[in-house]
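Just the one chain here, the form predicted on its own, laid out as structure tokens.
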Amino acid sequence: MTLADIRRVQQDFVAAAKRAHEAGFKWLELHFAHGFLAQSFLSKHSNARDDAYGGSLENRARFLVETVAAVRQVWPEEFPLTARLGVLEFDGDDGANLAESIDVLKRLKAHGLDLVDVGIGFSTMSPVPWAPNMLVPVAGQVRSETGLPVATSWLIADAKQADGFVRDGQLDLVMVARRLLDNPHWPQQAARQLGVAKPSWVLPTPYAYWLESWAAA
């Protein structure tokens, strides 16, 4: 990418944020993980630039910092601006990966980021040690060291465990991703498991109304 390309893409982020606001969205998350563009700038595995956007951590983080700052200018202050960031690469040097990610998140917080959705970089082909709730402790460390509210989603499947992660302060939110693809009824089932008085009403109102009417018929 030329410098002009970078400016153009950053303005595309800004334009997309404006469209989202005009369409009525009240939460905006920037995808800075999974080998997407911003992650490719940040990762030492994919960024081979020798200009102001490559080399040092400050340079590799520049695209992310500038993009968050630009989007924050047009996204209403009262609505959350969040980012999904791949904080680990599982490349054998994750202590350094996480330390860099925490540094970058402190910079993003200073420019108006409200929450980080803790994810994986996927900038390499390194094997990932898949396990239930695998990023919860990592997210807890990010929360502790940055002061940012945190969320994550990786292989969180049990409603009571998810509730516990929020109650004990490791997470501020639990994102539901693959589990919802596996089972679209999971939110209602989770509400039942947690003893919610009207579990159907965790769903959008038309669905909840239909389910309660059907059960009563």
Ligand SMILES: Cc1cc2nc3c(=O)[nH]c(=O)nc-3n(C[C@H](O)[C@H](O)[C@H](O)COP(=O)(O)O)c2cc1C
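Everything quoted here is computed from the prediction, not taken from an experiment. Sequential numbering from 1, following the sequence displayed.
The following text describes the form predicted together with the ligand, which does not appear among the structures shown.
- Using a 4.5 Å heavy atom cutoff, R84, W154 and V176 all lie near the ligand in the predicted bound form.
- Mapping the unseen interface onto this chain, W186 falls outside it, with no heavy atom inside 4.5 Å of the ligand in the predicted bound form.
- Proximity of H45 to the ligand in the predicted bound form: non-hydrogen atoms within 4.5 Å are absent; the residue sits far from the partner.
- When contacts are judged by a 4.5 Å heavy atom cut-off, H31 counts as touching the ligand in the predicted bound form.
- Though the partner is left out of this view, Y53 does not reach within 4.5 Å of the ligand in the predicted bound form, counting heavy atoms only.
- Only one of 154-162, 37-45, 64-72, 188-196 lies within 4.5 Å of the ligand in the predicted bound form by heavy atoms, and it is 154-162.
- The partner is not shown here, and in the predicted bound form the stretch 115-132 never reaches within 4.5 angstroms of the ligand through any heavy atom.
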